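Only one chain is included here, represented as structure tokens and corresponding to the form predicted alone.
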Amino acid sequence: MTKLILSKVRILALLLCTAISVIAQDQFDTTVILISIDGMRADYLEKYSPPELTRMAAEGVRARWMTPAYPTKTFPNHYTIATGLYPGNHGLIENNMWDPQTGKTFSLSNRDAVQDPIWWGGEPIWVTAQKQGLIAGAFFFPGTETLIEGMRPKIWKAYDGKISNDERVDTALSWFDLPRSERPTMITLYFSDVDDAGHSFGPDSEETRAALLKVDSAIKRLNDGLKAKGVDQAASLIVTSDHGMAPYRVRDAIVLDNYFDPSDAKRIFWIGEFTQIFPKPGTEDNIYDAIRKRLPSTAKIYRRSKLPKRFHLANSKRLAPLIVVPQSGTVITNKERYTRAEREGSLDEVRGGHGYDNRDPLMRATFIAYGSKFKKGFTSKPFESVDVYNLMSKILGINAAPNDGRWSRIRKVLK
């Protein structure tokens, strides 16, 4: 009799715990957590086998790869994911820009420029959500510290790369403890470790593997925390990256100012994978002809109007009249930088770069989705980064702003 009573008590306790868990889950609204692992190439999942991300991909959804927008740079692609617009349409065409109409210059290190709304077009997901009555919270993501359409996420942080991954995760988890009326249901998290290591040591390095495992540990911390708070069934995790990474050596660089006179330009952005030249009046043809005649076959020079249409970039007024783009495996540089690398003995050091053609396999980005809204054990065909905005809008139950994405390419990731 005693055993029977104990057995019934255990069953009742189990049912009670289950009921409590269900009630706890019901207290939380559907929440999207958009996670960016900067520089995580699509094949890193197999190459470095990060355990938590591998588990999420196996139990949830992964795309074979996600095609980033061109140029395959950090700010343009993060904002493309956030808005569903190509860079030529949202305005962030590169990490370094000059606006001829205002004379203003943009760079990642210029905090005033980063927070200046003039650069940011379109409507990012956190604005879409808040315009329709939801709350957004951001622990970093390009655009979230800027007033766009007059608003930032209700909770936001000015970027500080010194803040640890654990602090970022724990802070985001703490938002689930807020009263329902203050709790964000659109959350962003950003991790730079993989991109930093890839740039410094190349994509095939031990340092890059270690950086990915470090981020993987932070994502496990997030999943464990969501489960401990009883919110895991309400949370839809979308893990993305902005681009891949390609190895190069400075010794193999194209020294572009050997081919033309830089004094003919009023401004040059010496970006290795995407060099922009703003000619002085009357010099464009001379610069173009001089470079075109001498440029190696591993690079091309384009007039703005002649950029391939698939780049969706040529209509931007911020784009320079002349653009020089190399193939992956090399970069554009100038004599001063090449000489400095030679003097430092770093010509043959392997480094990593991105910004190349978005069809290049080395530029492919990562997409993993995990949570009760998504299919289980499903591998999706490749789609584009412009498609993610529509997916987030659908999960949140809000109306998407006009965008360049196609719902038909990404809809199958949902149950």
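Since we're looking at a predicted model, the values are computed, not measured. Quick note: we count residues from 1 along the sequence shown, nothing fancier.
Keep in mind that the form predicted in complex with ligand AMP is not shown, yet the notes after this line are about it.
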item: Location of ligand AMP contact in the predicted complex, chosen stretch of 176 to 184, 322 to 330, 213 to 221, 106 to 114 [non-hydrogen atom, 4.5 Å]; value: 106 to 114
item: Heavy atom within 4.5 Å of ligand AMP in the predicted complex - the one residue of 119, 201, 98, 190 that qualifies; value: 190
item: Ligand AMP: the contacting residue among 278, 156, 159, 270 in the predicted complex [heavy atom, 4.5 Å]; value: 159
item: Ligand AMP contact in the predicted complex: residue 130, any heavy atom under 4.5 Å; value: no
item: Contact of residue 240 with ligand AMP in the predicted complex (heavy atom, 4.5 Å); value: no
item: 4.5 Å heavy atom contact, residue 75 to ligand AMP in the predicted complex; value: yes
item: Residue 137: touches ligand AMP in the predicted complex, heavy atom cutoff 4.5 angstroms; value: no
item: Ligand AMP in the predicted complex - contacting residues of 131 to 157, heavy atom within 4.5 Å; value: 142, 145
